[in-house]
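Form predicted alone, single chain, as structure tokens, below.
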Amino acid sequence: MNQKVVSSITEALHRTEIKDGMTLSFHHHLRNGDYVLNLVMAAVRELGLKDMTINASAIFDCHLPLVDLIRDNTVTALECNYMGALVGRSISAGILEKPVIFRTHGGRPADLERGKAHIDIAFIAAPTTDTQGNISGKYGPSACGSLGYAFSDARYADKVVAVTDNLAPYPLTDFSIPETEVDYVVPVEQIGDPAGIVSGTTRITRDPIGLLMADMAAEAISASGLLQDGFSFQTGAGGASLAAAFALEKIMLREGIRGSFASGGITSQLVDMQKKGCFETLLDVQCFDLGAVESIRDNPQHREISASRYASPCTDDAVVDSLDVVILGATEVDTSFNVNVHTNSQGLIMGGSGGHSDTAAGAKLAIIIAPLMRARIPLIVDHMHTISTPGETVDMLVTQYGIAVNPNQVELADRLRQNRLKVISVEELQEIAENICGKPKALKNEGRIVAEVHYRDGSIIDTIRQACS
């Protein structure tokens, strides 16, 4: 058998000379369908290794076994860009002694490049790999499309292990990560469930309030003056954000506007827009659904990009710096337009910046779209639990009751009013919500620090404290 191909994850661990205290990395392109992190860490535990650090581009609910690994000190440190609520609840309760390091999608590759972060062994979930380690995410039973977040791991880790359920003959010609960056290949029965790529957040909302906000956001983009030939765009994967993309599509087709590119995590909605001529190109760091996976395999105008090219502040021509408009979500917004996407209204970890603050910093127009109340809890607060994205990078907040424009965007507010859109101050929106729901009781978690929120430049923008019991 080829010298790179090993019989098991355990053999790969021995070959890489794994030791206590090392940092292991994982990528999240299989999202909530990923099996690789759990497979590897079960083997690590079986070897009796302790004090391991996991640097994962994201941690999903499927990674709940991490909690037991933390309790027995197999894992003592976590670094990620996003964390799902199941693991986040335990972290918020204080089970991990060291604070989690939250980075942005651009900040993670930047910290690897700067040397502020280090990976001893990278484990790459590889939908297809040949016997020399050339890797593609486009093919195989667990195809996930773009491998954009794994590029930096492959480049900067001391050792790289590809874990695959589709071992192909050499040479694999359409590869994303070359054999020169891969040390070992481990065939396994299954690396994940492709259906787990899709989550409930990647479908267009049918909620009337969400559709109303989507139409308002699309009209605001049209009124901004940015919607013209060459327009560039990104939207999040939330239902209202996807509905806004659909509403924008109707305007672009009606007015014959052909954009340059759409970027970020690509969905079937953006694939459809590109096919209809709304955009020349899709620049894809992560496929959010199986329609996007099919597109990146078959459409030459759908291009895979690395996380570094996508959003790193160390990259002179990052894609986010060429964005005209980005549509994003929020769990909390304060009256200075700071945005929280890390914690819920009780301060429990249930998310992360991902590309939120990267795109807000780069785009000419950063739009937050969110309902003014959720479960009778107001969106707008005086003091939020966690600052994920600073208010100076946010231009507009769209709610079902109107649009609040950042006071530093006077011309934008005038353009919206001229187009008969309802512009209202963020303080007035806050008052409307509190008149309906009442003023929420201030809840401040005062336990020890359980996480640090690092901004894209590497600075600590906020901390998250242990939740009140």
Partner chain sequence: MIRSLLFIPGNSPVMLQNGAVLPADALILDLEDAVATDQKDAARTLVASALHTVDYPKEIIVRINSFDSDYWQQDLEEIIPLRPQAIMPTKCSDSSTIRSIAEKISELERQSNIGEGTVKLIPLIETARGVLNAYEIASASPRIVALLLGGEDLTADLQCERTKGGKEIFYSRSSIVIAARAAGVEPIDTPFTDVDDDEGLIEDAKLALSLGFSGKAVISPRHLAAINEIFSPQAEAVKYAREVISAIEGAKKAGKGVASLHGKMIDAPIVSRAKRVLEQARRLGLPLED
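This one's a predicted model, so the numbers in the text were calculated from it and none came from an experiment. Residue numbers count along the first chain shown, from 1.
Keep in mind that the form predicted together with its partner chain is missing from the display, and what follows is about it.
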item: Contact residue in the predicted bound form, from Pro300, Pro171, Gly115, Pro208 (heavy atom within 4.5 Å of its partner chain); value: Pro208
item: One residue of Leu86, Leu212, Ile251, Leu226 in contact with its partner chain, assessed in the predicted bound form (non-hydrogen atom, 4.5 angstroms); value: Leu212
item: Contact test in the predicted bound form: Phe60 vs its partner chain, heavy atoms, 4.5 Å; value: no
item: Heavy atom of Lys444 within 4.5 Å of its partner chain in the predicted bound form; value: no
item: Contact flag, Ile367 vs its partner chain in the predicted bound form, heavy atom cut 4.5 Å; value: no
item: Its partner chain contact in the predicted bound form: Ala318, any heavy atom under 4.5 Å; value: no
item: Contact stretch among 33 to 41, 397 to 405, 49 to 57, 64 to 72 - heavy atom within 4.5 Å of its partner chain in the predicted bound form; value: 397 to 405
item: Residues in 358 to 388 with any heavy atom within 4.5 Å of its partner chain in the predicted bound form; value: Met373
